[in-house]
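Here you get one chain, nothing else, as C-alpha cells; it is the form predicted alone.
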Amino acid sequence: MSMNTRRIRAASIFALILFHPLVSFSQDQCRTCHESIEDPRALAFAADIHASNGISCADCHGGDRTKEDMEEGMSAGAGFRGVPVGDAISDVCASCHSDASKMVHVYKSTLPLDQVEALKASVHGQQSVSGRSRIAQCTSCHGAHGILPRSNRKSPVHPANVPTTCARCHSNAGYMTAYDPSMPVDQYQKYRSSVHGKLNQRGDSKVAECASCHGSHDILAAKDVRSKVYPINLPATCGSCHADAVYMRGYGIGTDQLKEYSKSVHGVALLQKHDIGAPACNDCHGNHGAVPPGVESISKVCGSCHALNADLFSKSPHKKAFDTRGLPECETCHGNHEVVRTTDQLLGVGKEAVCAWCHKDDTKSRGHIVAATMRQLADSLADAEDSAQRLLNDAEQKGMEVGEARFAARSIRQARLESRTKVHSFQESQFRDVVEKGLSAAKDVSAQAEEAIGEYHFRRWGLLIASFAITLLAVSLYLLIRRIESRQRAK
C-alpha cells in the first residue's frame, strides 16, 4: 500500500470519528447476536434507513453494543432501557429527529425538525383510551425495525401505501369506536372507489391520498379552524393540486376550478363571509369517495341543499327534455364551479336570459311564450315591490307610523323568493299564483302607505287652517281691545 493511500485512509477514519460519532468501528454485537438466531427484527433492520446511516440497536434500546457478553451489554450500568413503550417510543425518535446537531450536521438531512412536536399537537397526539400514552407513536405508521424512506415503494408511508397504513386503524370499527363512535370506518373503501383511489392503486404517486389532504404529523380535527380540511381551508387544499397547471398536466382536466369557485355565490359565502354552511369542494364531489358528478347525479348533489328546487324540476316538462338530450339538470343553467347569484335577468328571452339558449326567438314556441310571460310577471312583482317601498319610505320621512305596513311588506319579498323557486316548475300557472299573491300584498301595502301620506297631508292642511283661524282670532281680539281702550280714553 502506498504512502498516499495510507494517508487518505487515515484521514478518512479521522473524519468519520470526528463528524460521525454515532458510528463505531467495533462490531455491533447486538445485531450479530440477533441475526445469528435469525430474529426477524434484526433481519428487517438490515434494510432500515437507520442501519444504513450507522445507527445501531443500542441507539434506541440503550446498552453497550461492543460487549460480547449479553449481561454486560444489556446492564443498567451500560444504559440499557429495553423496548421503549408508550410515549417513550416517540421520545426516542425525537432524541435524533428533533436535534439539529445530529439531523443537519451529521446526517445532512432535510427533514423538518418539528415532526414529533407536530405529532403531539395533532389528533393522534391526544391521550389514548388507556390514558397512559398518545393514540399513535412514530412507529405506528413508519414501523420499527424496517423503516424505509418515504420514497421507497415498500415504505408504509409511500404515497401508494398511505391509504392502507391509515386503514389499519381507521377501518377497524372496534378500535375506532373507542375513540370516536361518530367517525365513519368506510373511508378506505370510499377512497378506493374514487378517482384518486383508482389512480393510486395503479401506482400513480401524484394523486391525493390521506396525507395529501389531512397532513402527516400535524393532522388536526376537521372542526379545527387550522385543519387543512376545515371548510374554509378546504378549497385551498384541493387547489394545491387542482390549481397547479404544471402538476395537473397529463390528467386532461382544467385548473381554473378554484378561481371560478372563489367568484361564485358559494365561494363568496364561504371564503369571504365565512359561512361554513356554504358548500365547498367536498360537498359536491365527495371527500374520500371524490368523483366528478355525472349527468344524473348533479341534480342529486344540488338537491341535497336545494331540495324544493330539485323536486319541482323533477316534475317539470324540462326533466324529460334534459334526460333525452343527456343534459345535466342544474349545471346546464347555473354552471358548476362559477355558480352566479340568481337574478330575474336569467329568466325570459332576453340576451342575458338562459331560457333563450334553447327557446329561440320564436313567438309561436310554447317555451318561448311561457318564458316571456314569466319574466313579465317577475318584472311586475319587482316593480310593485319597489313602488310599495318608495311609498313606505316617503311616509316614514314624513314622520308617519307605518310599522304594520313595513311588516306586511315582507310578504312581497317572500313572494319574490318563492317565485324564483317556482321557476323550476316551468309551469306558468304555478308561477303566476305566487306572483299574484305578491302583487296583492304590494297593493295592500301601497294602499296603507298612501293612506299614511294622505293623513300627513290632511294633518298639515288642518294645522295650517287651525293656525290661520287662531291667528285671525288673535288679531280680531287685539283690534277689539284697542277699540275699547280708545273709547275709554275718549270719555
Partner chain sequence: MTESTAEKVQEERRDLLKWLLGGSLVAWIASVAYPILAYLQPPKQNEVAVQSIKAGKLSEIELDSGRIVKFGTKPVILIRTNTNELKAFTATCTHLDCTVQYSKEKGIIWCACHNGQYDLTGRNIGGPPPKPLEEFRVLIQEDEVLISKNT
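Residue numbers count along the first chain shown, from 1. None of the values given here were measured: they were computed from a predicted structure.
In what follows, reference is made to the form predicted together with its partner chain, a form of this protein that is not presented.
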Problem set entry | Glu418, Asp344, Glu209, Glu385 - the one with a heavy atom within 4.5 Å of its partner chain in the predicted complex | Glu418
Seminar exercise, completed: Of Ala178, Leu111, Leu308, Ile369, the only residue with a heavy atom within 4.5 Å of its partner chain in the predicted complex is Leu308
For this session: Evaluate Trp357 for contact with its partner chain in the predicted complex, applying a 4.5 angstroms cut-off between non-hydrogen atoms, and reply yes or no.
Result: no
Exercise. Taking heavy atoms only, is Ile37 within 4.5 angstroms of its partner chain in the predicted complex?
Worked result: no
Problem set entry | Contact label in the predicted complex: Glu404 to its partner chain, heavy atom within 4.5 Å | yes
Exercise. Is Lys223 one of the residues lying within 4.5 Å of its partner chain in the predicted complex, judged by heavy atom distances?
Worked result: no
Exercise. If we take heavy atoms and a 4.5 Å cut-off, which stretch out of 124-132, 184-192, 71-79, 300-308 is in contact with its partner chain in the predicted complex?
Worked result: 300-308
Exercise. Across 461-483, which residues bring a heavy atom to within 4.5 Å of its partner chain in the predicted complex?
Worked result: Ala466, Ala469, Ile470, Leu472, Leu473, Ser476, Leu477, Leu479, Leu480, Arg483
